[in-house]
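As structure tokens, one chain now follows by itself in the form predicted alone.
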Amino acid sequence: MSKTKADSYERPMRLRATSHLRDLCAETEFNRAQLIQPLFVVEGLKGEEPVPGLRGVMRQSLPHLLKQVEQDLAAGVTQFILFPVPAEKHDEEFDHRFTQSVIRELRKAFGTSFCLWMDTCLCSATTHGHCAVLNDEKIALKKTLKALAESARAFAEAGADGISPSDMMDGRTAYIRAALDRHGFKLTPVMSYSTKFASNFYGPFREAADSAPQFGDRRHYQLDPRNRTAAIAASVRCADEGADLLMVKPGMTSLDLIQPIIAATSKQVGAYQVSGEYGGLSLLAENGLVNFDAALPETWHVFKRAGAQFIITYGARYAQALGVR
């Protein structure tokens, strides 16, 4: 039998495989299941330390991460995206044992009571902080794609529910999808950072993930904020390469793109309320200039009004207390 497009990557059932995924993708209501809470776990860290500017967000050791997830589950969070920060940096051969151990410990402690997405990038693992394997400070694309695909396979093997590539390398979604399928993870969905701009709003995150570039910037692989056509085309390409869910980042500065991407791809599109956006609310609240408890859900409703199916937000753990069902 000849191989069809459906055999290679068109598997809508991936997003119906668990109750967590079905709730994430429910279109006729807005609820906590559509809010995704980022987590930062740091190898070798003793205890935990706050991330500057981000209310309630910590860099954590594994024991503290487990306590945090227990608290978040009790607060109604069901979706997480994990950012692992390894102790040792590499530039080509990457060691996934720490991240795999974290995923397995989360599964051992909490089973399938939540959905775990894995941010899949190289920036926290490299000495130079870029999202790629480099050769003389230039991207070695094939080596990068292989490294990303191997990361995705390792995370799925350890028990991750979904893979979320954030690197913006050409062709990475297709490489990851093929690797997952090849290793028996055909029902593991890919949530792609499909339209990600080279933005000034990522500062607190880079502190949390230890991922600031050591030279240059990321403008030669992330999108130019001035360009609408390329932004939409990037998401179309990710959809064509097999992404199950798409995402715009930063969220607030990409609101105008959500509906055009949905129209162009027939895929559900989410928004990442990035660290600079969330941090702005945190700092305004600290100075008595905004009511944090009122302003945070206001921003979520704006994302939903613009058409976002899901929202990655550092404040997901506050949603239940703020009255989000």
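All residue numbers refer to positions in the sequence shown, first residue = 1. What you see is a predicted model; the values in this text were computed from it and never measured.
Omitted here: the form predicted together with a small molecule. The next part is about that form.
When contacts are defined as a non-hydrogen atom within 4.5 Å, none of Asp23, Phe80 and Trp117 contacts the small molecule in the predicted bound form. When the small molecule is considered in the predicted bound form, only one residue from Leu246, Ala152, Cys131, Ala234 comes within 4.5 Å through any heavy atom, namely Cys131. Put simply, of Arg107, His96, Arg206, Arg228 only one has a heavy atom within 4.5 Å of the small molecule in the predicted bound form, and it is Arg206. Put simply, Cys123 is close to the small molecule in the predicted bound form: some heavy atom of it is within 4.5 Å.
Not displayed here, the small molecule is kept clear of Arg172 by more than 4.5 Å at the level of heavy atoms in the predicted bound form. Although the partner is absent here, Phe201 sits close enough that one of its heavy atoms falls within 4.5 Å of the small molecule in the predicted bound form. In the predicted bound form, at least one heavy atom of Tyr314 sits within 4.5 Å of a heavy atom of the small molecule. Figure note: of the listed segments 85-93, 109-117, 188-196, 132-140, the one touching the small molecule in the predicted bound form, with heavy atoms no more than 4.5 Å away, is 188-196.
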